[in-house]
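Read the single chain below, which is given as structure tokens and is the form predicted alone.
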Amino acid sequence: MTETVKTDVLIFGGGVAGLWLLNRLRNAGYQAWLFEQDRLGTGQSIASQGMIHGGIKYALGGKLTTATTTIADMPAHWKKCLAGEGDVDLRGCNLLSKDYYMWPRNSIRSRLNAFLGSKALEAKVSTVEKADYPDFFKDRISGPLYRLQDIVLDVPSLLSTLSNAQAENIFSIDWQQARLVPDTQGGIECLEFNNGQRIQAQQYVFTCGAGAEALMKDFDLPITTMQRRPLRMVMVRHTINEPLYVHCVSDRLSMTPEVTITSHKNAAGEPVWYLGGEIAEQGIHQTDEELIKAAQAKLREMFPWCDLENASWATLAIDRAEEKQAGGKRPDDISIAQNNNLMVCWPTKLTLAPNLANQVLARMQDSGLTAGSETPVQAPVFLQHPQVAATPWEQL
């Protein structure tokens, strides 16, 4: 006999966006559960550099874009949460760096790009005095060097903090053993398992990145179209002890830093640089060997004092899944496509996960779905709980 359990919200996708939303909804009193088909964070989240940035990378050249103004206040929001004073408690999350830097190197044009960007966001950017340079740069560059309001989080720690707070409400799902049943209005009637058990929610939310495309196709949910903007990141395992968190500004008039570098450690405690920015965007047109050679040449040029002779190198392909934009451009803000009781969501970047959750919550409240509308129930006991994904550089 079919058994149906009713709840308020079902979330599909266990990256940072879905886990943040789950915490927000539960904190607001909603009965919400999250389902993930793989390990938590698999895909875009675990591949993130962990930067919580305020938009300076979109203001190079001095032009304030919609993306810049949308994201400008997000570091302050995250810092409150890290202190246990925000809408989600992130105490216990590992902060890799409380500072992020912007280095225009030595060309007049790159210095102009950085200077104009710093003026566009003047209240959030400061010039670093030479005596205060981080160890990696001290006595090695002539400057200037800018300190941003940005911070860098350890993404596995972030995923663990978010999931540990709601461990009893996060479940693994095998789509060979379950399916979403469409209703007649273009939404979802229920989540149905092969054993006959069903879960029926008032609201269904996809936060599963590229996985949303497969769900919409497989279950004939005609709600929106998706685009993919690929990246090819570079990972460098080395023996340099001084951590590095910096945007290296290009000589060209570009909206993206030439190279964006964050520092991490693998399980053995070995340091790893993770390279994004223009080099990762251009890398989609190169072979692994070509991209690694380009990265090696670029780092030798920028940091001639670094010994990378015995470093290990690898690349990582990432698809940034987003709501389709005209010309395939980068979205300026989060995206929510809605049809009946289904929302398909993309945060577009790690920094905006809180903004996405706030907007989902607002839409639910506007539609009349109030917290506590369903009596608390226990999830089906046959469901298992997923673990956090391993970082890409563990295989380096």
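Position 1 is the first residue in the sequence shown; the rest follow in order. No experiment lies behind these values; they were computed from the predicted model shown.
Although not depicted, the form predicted in complex with a small molecule is the subject of the following passage.
- Proximity to the small molecule in the model of the complex, taken as heavy atoms within 4.5 Å, picks out 348-356 from the listed stretches 331-339, 362-370, 348-356, 23-31.
- Contact annotation for P182: none of its heavy atoms lies within 4.5 Å of the small molecule in the model of the complex.
- Although the partner is absent from this view, G54 stays clear of the small molecule in the model of the complex, with no non-hydrogen atom inside 4.5 angstroms.
- Although the partner is absent here, C208 sits close enough that one of its heavy atoms falls within 4.5 Å of the small molecule in the model of the complex.
- The closest non-hydrogen atom of R237 lies beyond 4.5 Å of the small molecule in the model of the complex.
- With the partner omitted from this view, the residue of M302, I318, M226, A311 that lies near the small molecule in the model of the complex is I318 [heavy atom within 4.5 Å].
- A heavy atom within 4.5 Å of the small molecule in the model of the complex is found for exactly one of L191, I173, V272, L244: I173.
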